[in-house]
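Have a look below at one chain only, the form predicted on its own, in structure tokens format.
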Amino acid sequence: MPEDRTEQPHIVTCTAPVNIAVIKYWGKRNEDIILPINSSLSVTLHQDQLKTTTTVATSRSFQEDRIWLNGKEEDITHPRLQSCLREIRRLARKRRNDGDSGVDSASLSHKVHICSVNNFPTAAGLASSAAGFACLVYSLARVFGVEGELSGIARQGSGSACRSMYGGFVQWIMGNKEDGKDSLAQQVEPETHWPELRILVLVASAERKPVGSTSGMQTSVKTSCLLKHRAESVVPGRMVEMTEAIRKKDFAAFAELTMKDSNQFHATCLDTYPPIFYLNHVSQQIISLVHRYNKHYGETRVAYTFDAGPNAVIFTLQQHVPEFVHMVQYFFPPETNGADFIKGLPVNCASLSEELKQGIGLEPMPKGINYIISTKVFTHIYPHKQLLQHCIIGLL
């Protein structure tokens, strides 16, 4: 008898990048469809170092929708997951009803199995939900034959996920419409625009953060006066200034804005009642190190930013990477050797002068940083034919 092709699962695997906001998103004006109280701007990081890989399979034989995250089955009925699934299926049905022959009518009724894996700590303030939901939406879209603008759907899973739909430098425009149709991500400049820019992720903790971003935002919106001032009076101007700094490749302006915005974001967390503490003593030491390093040279060579967690993201230019990395290694002596401490893009050797060490003037903090991820700006999501198919097939 001929093989029944309808029994064969349709499988798609994609990867998506992490993005790090330099103008922060914090606070929603609509919780249901995730509309922000201010616009934001981010840098997309290289997938070789930080990414989510997601495989989606559909089959007539599946009895229900299911999802696995990092090898553990999770609740598929989570409202944000359901929102993304529902919207992709709606658009697929619309394409079919409009007579698009590229949509397989039979597959629209099939259940999905989803397998997603991060190659970096999850829920530790490293934008895992952004990469995760961007990858989920893109993978679902490919399985169900949905094309076009997808950042608005990714936004409904996790706000910052809309920015992970694009590479390079990306803004999320807050929009004004109540239905959120104008609250979308938009590329400001491609990844090729500023090739000298480098990013160092200093992992101070891989543990789950004590207060989740969703609940933290809700409390801040209700209780922080500073948050309202920031959204209405500060961020609009900073968005313009940051876009200009990126387009001109003005690192000093980019760095100062990045650090000021990070500081203000965490100030709103402290202004929240009860206050939220995402930074720890290691984070504070990193901030001090950066400012002392810049002061020593009389120019802004490095910048920090912290999302909702203690892990620092450092921006610098390629020529400064070796010295700064080895300075971090000196002031945060690792438990492991150099090869395990520095991951990602290779970092050249550099010597630290006694003048620099004395100029910084900090007491070393052993084991304060677990490891450094060396990376750069990267492009957007893309599909793979053979990445996690072994994982999803094992769950069919």
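Quick caveat: nothing in here was measured; it's all calculated off a predicted structure. Each residue number is its position in the shown sequence, starting from 1.
Keep in mind that the form predicted together with a small molecule is not shown, yet the notes after this line are about it.
Can N280 be called a contact residue for the small molecule in the model of the complex at 4.5 Å between heavy atoms?
No - in the model of the complex, heavy atoms of N280 and the small molecule never come within 4.5 Å of each other.
Heavy atom of T214 within 4.5 Å of the small molecule in the model of the complex
Taking the distances in the model of the complex, the answer for T214 is yes, it comes within 4.5 Å of the small molecule.
Heavy atoms within 4.5 Å of the small molecule in the model of the complex: does S262 have any?
Close contact is absent here: in the model of the complex, S262 is far from the small molecule, nothing within 4.5 Å, heavy atoms only.
Given that the small molecule is not shown alongside this chain, does N311 nevertheless sit within 4.5 Å of it in the model of the complex, heavy atom to heavy atom?
The answer is no: N311 has no heavy atom within 4.5 Å of the small molecule.
Counting any non-hydrogen atom inside 4.5 Å, which residue from S158, S151, N118, T272 sits next to the small molecule in the model of the complex?
None of the others qualify; the residue that does is S158.
Looking at T316, S129, T300, S183 here, can you tell me which has any non-hydrogen atom within 4.5 angstroms of the small molecule in the model of the complex?
Looking at the other structure, the residue within range turns out to be S129.
Could you tell me which stretch in 300 to 308, 282 to 290, 189 to 197, 84 to 92 has residues with non-hydrogen atoms within 4.5 Å of the small molecule in the model of the complex?
Result for this chain: 300 to 308.
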